[in-house]
Each structure stands twice: as structure tokens, then as C-alpha cells.
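Listed next as C-alpha cells is one chain, alone, in the form predicted on its own.
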């Protein structure tokens, strides 16, 4: 395991170079969030009722604040592009000759990237949450917060394994950006980033719950907000775990098939 700790250390050092970029990215990502909060505030005022889709104004604001937090903790940024680029340019060859697992190697770099990004983003995001503290909802119980943290871990793993698998399509395709953008679009809409999924028609929302996308964002946020019963949390964690295991297996399978087709030329 020492070699992977070394990878994490190198990843942290490399990522620190971009700490200013992370600070500006985290700061300016709050601009559309602010616009979203103002939009929903206007909707609540014009509607004149206490809730929309079961959300009070404070609940809706808390939802989007939590979306920002979960996204900062688990989102895959450039990992898929870097993996695809390593395959396309042949630099992945160096890992085939060393006793190192490429999936664990990339996961260590992903973890190092998230660690530094969160450390930098906590400043602007913390200040933003402080100004909206009157509308921020805290979990009802410590147990609920514990289930939320467990779901966050599974969300990060699921995010990584999905992106890793998409990037491995570079073994067969010269350009994988189309597939990455398609998955990102589904994640953005069906994952609950754009709006809470439980404001959709119940039948449609129920179908989405059996896809992996709600478990990339919406499910952990729903746990935190106390919108799920104990049985719903257990069922959701089971489905989230199954999707995580599935994409881990798919990532392993795709690598084993892709490496057979891989060839690198030059010197």
C-alpha cells in the first residue's frame, strides 16, 4: 500500500499548483447558485403558498446548498479526460510494466484532487452558507447524518467508477467526449442537480430511482433533509451499493477487454 500513499502524496502536491484555480472555480460556481435561489424565492412569493412539491422556501434553499456541498465532495472533474488522454497518447504503457493497479492509481489521484478542492472551496462556500444560515436546515438526528455520510462515500465511488468506465472507451474510440457529455447531461438532469426529483410526477420519479443517476446527488441530499423513511433509506443504500459494485465490475471488465486491443507505437 505504500506506493499508493506515495501516489496520493504526489497527487496532493500536483493539485496544490491549481489551488488558485480551484478557489476561483468554487467562488464563481456560487453565481448560478445565487441566481437559482433568487429564482425560487420569486416563485414562492408569486405562488403565495407555503411549499412547492413538499419543499418550503428554507427546504428548497437548503437543497441547493447541499447540492453544492455534495458536488464539491464527490464530483469528477478532469479524471476521465486525463485517462482517455493517457490511452490515446500511449502514456498508459508505463503502468503496464509496473506492479501498480491503474484503477487504484487513478482513484488515489481523484481522492487527492477532491481533498485539495474541498480544502480550498470551504472558504467561499462556508461564507455563502453563513449568509443563508437562516434558511439552512440541519439533520434531525445524528443517525440521519451518519447515513448521509455513508451515502456520500458511495456517491463518490459511483461517480468515479462511472467516469473511469466511460474514459476506458478510448481503447476503441479516438474521441470519447461525446459519451462523457451525454452521461454528464443525464447526471445533471436525472441526478437532481437542476431541480429536486421528487417534484416530478411520482411514477416518473419512481422509475428514475432504479437508475444510477439519483444516487449521484439527489439521494444523499434527501437523506440529509429527512425526506426518506428508514426503510426508504435502507432500500436506497442497497440500490446505491449495487450500482457501485456493478460499475466497479464493469470498469474491471472494460479494462481487461480494452487492454487486449491496446497498442502503442513510437520511441
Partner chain sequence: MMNWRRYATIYAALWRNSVVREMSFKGNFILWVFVEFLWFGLQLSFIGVIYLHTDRINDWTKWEVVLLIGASHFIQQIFQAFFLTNCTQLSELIRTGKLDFMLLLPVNTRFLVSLRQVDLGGFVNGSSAIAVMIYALKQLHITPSFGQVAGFLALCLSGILIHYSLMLLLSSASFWTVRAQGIVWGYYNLFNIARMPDSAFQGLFRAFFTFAIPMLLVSNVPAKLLLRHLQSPLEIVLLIGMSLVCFALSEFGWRFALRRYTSASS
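Residue numbers count along the first chain shown, from 1. Keep in mind it's a predicted model, so treat the numbers as computed, not measured.
Form predicted together with the partner chain: not shown, discussed below.
Participant: Residue-level contact is defined here as any heavy atom of the residue lying within 4.5 Å of the partner chain in the predicted complex; does residue 9 satisfy this criterion?
Facilitator: No, residue 9 stays farther than 4.5 Å from the partner chain in the predicted complex.
Participant: Taking any heavy atom pair closer than or equal to 4.5 Å as contact, tell me whether residue 29 reaches the partner chain in the predicted complex.
Facilitator: So residue 29 counts as contacting the partner chain.
Participant: Looking in the predicted complex, any heavy atom of residue 186 within 4.5 Å of the partner chain?
Facilitator: So residue 186 counts as contacting the partner chain.
Participant: When the contact criterion is heavy atoms within 4.5 Å, does residue 153 count as touching the partner chain in the predicted complex?
Facilitator: Close contact is absent here: in the predicted complex, residue 153 is far from the partner chain, nothing within 4.5 Å, heavy atoms only.
Participant: Each of 107, 123 and 218 having a non-hydrogen atom within 4.5 Å of the partner chain in the predicted complex: is that the case here?
Facilitator: Negative, none of the three is within 4.5 Å.
Participant: Of the listed stretches (237 to 245, 210 to 218, 224 to 232, 37 to 45), which one has a non-hydrogen atom within 4.5 Å of the partner chain in the predicted complex?
Facilitator: Residues of 37 to 45 come within 4.5 Å of the partner.
Participant: Out of 115, 140, 194, 127, which one falls within 4.5 Å of the partner chain in the predicted complex, going by heavy atoms?
Facilitator: Contact check passes for 194.
Participant: Name the single residue among 148, 179, 132, 102 that comes within 4.5 Å of the partner chain in the predicted complex, judging by heavy atoms.
Facilitator: So the residue touching the partner chain in the predicted complex, by this definition, is 179.
Participant: Taking the partner chain as it sits in the predicted complex, which residues of 109 to 143 have a non-hydrogen atom within 4.5 Å of it? Please list them.
Facilitator: Result: empty, none.
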